[in-house]
Ligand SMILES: Cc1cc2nc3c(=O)[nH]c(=O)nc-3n(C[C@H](O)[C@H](O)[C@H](O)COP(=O)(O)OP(=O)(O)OC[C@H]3O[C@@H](n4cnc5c(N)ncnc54)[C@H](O)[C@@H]3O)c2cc1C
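Quick setup: one chain, the form predicted alone, written in structure tokens, and binding and motion questions come after.
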Amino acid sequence: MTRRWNGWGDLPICYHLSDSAFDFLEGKLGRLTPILDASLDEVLACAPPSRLVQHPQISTTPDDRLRHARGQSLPDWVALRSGRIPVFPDGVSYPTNSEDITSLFSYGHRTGARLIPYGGGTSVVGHINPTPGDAPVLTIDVSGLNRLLDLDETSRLATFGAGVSGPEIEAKLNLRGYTLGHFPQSFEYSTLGGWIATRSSGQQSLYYGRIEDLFAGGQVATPRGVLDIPSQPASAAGPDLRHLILGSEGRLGIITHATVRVRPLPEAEGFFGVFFHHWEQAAAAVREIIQTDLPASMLRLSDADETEANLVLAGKDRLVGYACRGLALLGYGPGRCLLIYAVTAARGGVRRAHREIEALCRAHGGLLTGALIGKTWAKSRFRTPYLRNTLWERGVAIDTLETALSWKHTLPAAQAIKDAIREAADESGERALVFAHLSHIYRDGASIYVTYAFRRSQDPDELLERWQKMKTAASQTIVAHGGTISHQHGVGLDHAPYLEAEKGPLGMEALEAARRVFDPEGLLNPGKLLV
């Protein structure tokens, strides 16, 4: 398959939307007008000459440089679709081993080139974007570091090259009866090294763990030399260097291979749906599920707006119509919220856990719908990003952001973030469709994942200005409520201005000191994480 150069996913895959879905969107946002995008040839013609000194490992073709110029954030889409890309990488290299990367560090030292690590190109906060400057930029695509290097079945540890993608990991492990179980929304393309470098979280992290729980050790190539992190079950030998690499976003080095904790494939797994009368009632239910240690592997709770949007955009108008009328008759009206939960267990354990969770949901007024809704969600969960392509082409821009807070602050913050985005859109004379879900649940709090859609503008600069107002308003609201600026997307360029509010001046100084130790010349990924 051929990957889209200016959107999400493989070209043959399309997310079809019905006419009624677009009627719904126009009712929320106003009249939608498709806008013509720049062609591939037009954008390639804008690539400036490369500033790099020739090297046998480096490609300087305009096509390679364009396909590594941007990620998947909304500003990235605006740049690619309009052809207004302010900075291209000057070249792209495809190393296949750690010696190749060491050679590229030497090249950077000699020529003054800046080096950007590139995994699957799925960043939504600007991790892989070249920044303006006099120094030439070399993007290092690590997709060639994708082999399964070792599988220790006794210890249940697997070692992979860091450029291995989610589907490659699961295919290689599944053949041997194992799984990593890390399923972020970007699973189709994102890589193990990218997950570690951005502290990724998979959809079923309640059972499998976040990436920091799975990452046992590995190797990092740095401009100062190689950092080896041994894979030990536990250690009290000073601060854990794994946590220096987790979330380092390519500023300290390039992860070449990583050892991760794997599990046998589950004997059974089920996904289920429950409707609640309203958001507060549903949130109380999921909080009790997690705090009483009921064995769910995923709890994903949509607010009323997201529940409505998901039903409308599902494309099954007649079936959804019957369902909505039935729900209304049972007293589940416009404020209804949908919980999708999963149970992953040994055979027989799914039924027991399902019954326990069912009983608790029923006690909170939940309406149990069985497995159909859950199975439908699970089957299509990695197709959802393709919806962005369809909406964009019909005149709708869409973006997401996320945070995590303690339970005491979760619901007020969710409402405040949505209100801030709507108000910022209104200041631009536009309307925004804003909705949220609790994407990851913890004993002490939850992650809030917010999606907002608004009309595209004919003028890319105007579109970016609208987005910036909404993004800034939401980010400032997150900080004001004490939330993390990122639960799972990382910092990159877009969140860097807000990091000090979370880490404090001394914390930022410590991070900068670590960067100077590993990369004293500042070769790696300038501008990301640390301004």
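Keep in mind that what you see is a predicted model, and the values were worked out from it rather than measured. For every residue, the number given is its place in the sequence shown, counted from 1.
Keep in mind that the form predicted in complex with the ligand is not shown, yet the notes after this line are about it.
Participant: Quick one: from 304, 396, 124, 157, grab the residue that has a heavy atom within 4.5 Å of the ligand in the predicted complex.
Facilitator: Selected option: 124.
Participant: Pick from 218, 117, 130, 181: which has a non-hydrogen atom within 4.5 Å of the ligand in the predicted complex?
Facilitator: By the 4.5 Å criterion, the partner-contacting residue is 117.
Participant: Mind telling me which stretch in 222-230, 455-463, 192-200, 423-431 gets its heavy atoms within 4.5 Å of the ligand in the predicted complex?
Facilitator: Only one stretch qualifies here: 192-200.
Participant: Spell out, yes or no, whether the shortest heavy atom distance between residue 142 and the ligand in the predicted complex is within 4.5 Å.
Facilitator: Contact check for residue 142: yes, within 4.5 Å of the ligand in the predicted complex.
Participant: Residue 90 near the ligand in the predicted complex, any heavy atom under 4.5 Å?
Facilitator: Residue 90: no, not in contact with the ligand in the predicted complex.
Participant: Is residue 162 close enough to the ligand in the predicted complex to count, meaning some heavy atom within 4.5 Å?
Facilitator: Residue 162: contacts the ligand in the predicted complex.
Participant: Look up in the predicted complex whether residue 186 has a non-hydrogen atom within 4.5 angstroms of the ligand, and give yes or no.
Facilitator: Contact with the ligand, yes.
Participant: Could you list which residues of 507-526 come within 4.5 Å of the ligand in the predicted complex, counting heavy atoms only?
Facilitator: Read in sequence order, the lone residue that approaches the ligand (within 4.5 Å, in the predicted complex) is 525.
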